[in-house]
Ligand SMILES: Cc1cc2nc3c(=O)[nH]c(=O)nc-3n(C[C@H](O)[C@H](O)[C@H](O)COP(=O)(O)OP(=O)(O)OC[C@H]3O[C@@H](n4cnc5c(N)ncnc54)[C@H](O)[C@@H]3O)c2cc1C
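The chain below stands alone and is given in structure tokens; this is the form predicted on its own.
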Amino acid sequence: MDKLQGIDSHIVIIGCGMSGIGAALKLTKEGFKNIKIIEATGRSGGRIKTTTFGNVIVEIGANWIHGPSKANPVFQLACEHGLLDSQAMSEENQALDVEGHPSFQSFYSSSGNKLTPELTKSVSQLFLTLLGKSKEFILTEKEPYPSVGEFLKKEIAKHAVEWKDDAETKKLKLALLTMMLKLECCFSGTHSMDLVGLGAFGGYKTLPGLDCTFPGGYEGLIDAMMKGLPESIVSYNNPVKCVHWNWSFRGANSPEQTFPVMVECENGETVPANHVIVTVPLGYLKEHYETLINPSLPLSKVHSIQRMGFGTNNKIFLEFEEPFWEPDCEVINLIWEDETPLADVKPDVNQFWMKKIFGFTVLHPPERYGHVLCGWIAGHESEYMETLSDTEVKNSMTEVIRKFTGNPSITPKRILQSKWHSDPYTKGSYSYVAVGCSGSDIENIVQPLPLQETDTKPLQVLFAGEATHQSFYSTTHGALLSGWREADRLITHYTQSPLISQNFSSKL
């Protein structure tokens, strides 16, 4: 196939997040000229969203580079653009491997006491051991339970029977393990670990390196990447209504030319294309797949979209006049003493939503952030929180912190909360492999349309985004790699000679 023909091809990318920008950069560097990004909102970055909170910069969306090492393309780009501090880029930092988990420290109980390291260390180790075991079932043909949550709770019950502690200590240990399950819900972006499939859980891979942040904000990377693209490439505030494919549309500027795809925008604009890369979040796709793609998606793809998990993980930023935590504290964990993972209780979300917060991370260093904490909350409680006013959330947080510290005078100066579930173009935070779902569902979602490779007009609609990466779903590096993957698919399509294609298919 003539490479010049590829360069003249019209390519539309829906969504100006990490995957869409990544795809556009790779294509433009290969010489593709007719590329357009259509973005529903007024900004680039998608779920990377930096804002100001008082006098400091905070991340409403993506927070860390997970696994900042040579294998992480987001880390490499951040280094190239000089966006990280020397500690994050150090060889020592890149060599550390914490398998995606922060250190457990500073445990406060709901009776206003601080738990001893002797108690918390053994329980933390037990939980991490069981979590490691839950990731091994991807290597086996059988799974003892459908979900990660069920597996963990059954294993916890076995261990609890053998504990020799007094009743109060046992109660505290179980409450600690409940907190760790809430933390895991935040990692997975799910309401409950009972919704996360056990067999596929180990498919998610972590990279070495101690997670790091951007001193100037994550959006600094988006800004740097956007500078590599033509200024007029993005059409902002332009939601897409429908992607019409497998047809023959005439271009307005070149009526003699026909295109197999046409992107119809909500404002009535139509954009003809040879190829469209859809990078919308899975949450949006779950809500709109019936109308977003026409003709309708094949059933295999629909079922996989429905089976895959997509949940909400929100943040609550709190600023204080003075810290009530130790200078070296990184995480404050909240232990509700009346909770146990062994009781199947459905809490009143409206009344007790704040109990779903596993704890707070301390924004470091204080010279940059002042005295700011970030609370983390996932699931239905997180979604309910979005319906509350800042004053209501602030009052609840004040009550919780006073209860756990035993200090009745602590009051946050101001708060800021994220609202990813009610964002119409995300409908949540990120994806997970749900019960009844497997890696093959991600493969199904990725498959370009039309599904038949022999079609005379192949690769009409392609799919990218964090939810389409087999082992790095839910991450920015997964999103970036997925955008590169689809750009490479088009590049290969136009650079591979018919003879090479023929020889390759004859070997399958």
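One rule holds for the numbers: they count along the sequence shown, beginning at 1. Note that this is a predicted model, so its numbers are computed, not measured.
Another form exists, predicted together with the ligand; not displayed. Remarks below refer to it.
**Student:** With the ligand left out of view, choose which of 57, 40, 35, 446 has a non-hydrogen atom within 4.5 angstroms of it in the model of the complex.
**Tutor:** Only one option qualifies, and that one is 40.
**Student:** Here the chain is shown alone; which of 375, 281, 260, 199 has a heavy atom within 4.5 Å of the ligand in the model of the complex?
**Tutor:** Contact check passes for 281.
**Student:** Looking at 432-440, 310-318, 164-172, 119-127, which lies within 4.5 angstroms of the ligand in the model of the complex, counting heavy atoms?
**Tutor:** Of the options, only 310-318 has residues within 4.5 Å of the partner.
**Student:** According to a 4.5 angstroms non-hydrogen atom cut-off, is residue 108 in contact with the ligand in the model of the complex?
**Tutor:** So residue 108 does not count as contacting the ligand.
**Student:** May I ask you to check whether residue 46 falls inside a 4.5 Å heavy atom distance of the ligand in the model of the complex?
**Tutor:** Although the ligand is absent here, residue 46 would touch it in the model of the complex, with heavy atoms inside 4.5 Å.
**Student:** When the contact criterion is heavy atoms within 4.5 Å, does residue 240 count as touching the ligand in the model of the complex?
**Tutor:** Residue 240 belongs to the contact set for the ligand.
**Student:** Does the ligand come within 4.5 Å of any heavy atom of residue 26 in the model of the complex?
**Tutor:** Heavy-atom contact with the ligand at 4.5 Å: absent for residue 26.
**Student:** Of 56-77, which residues get within 4.5 Å of the ligand in the model of the complex if you count heavy atoms?
**Tutor:** 60, 61, 62, 63, 64, 66 sit within 4.5 Å of the partner.
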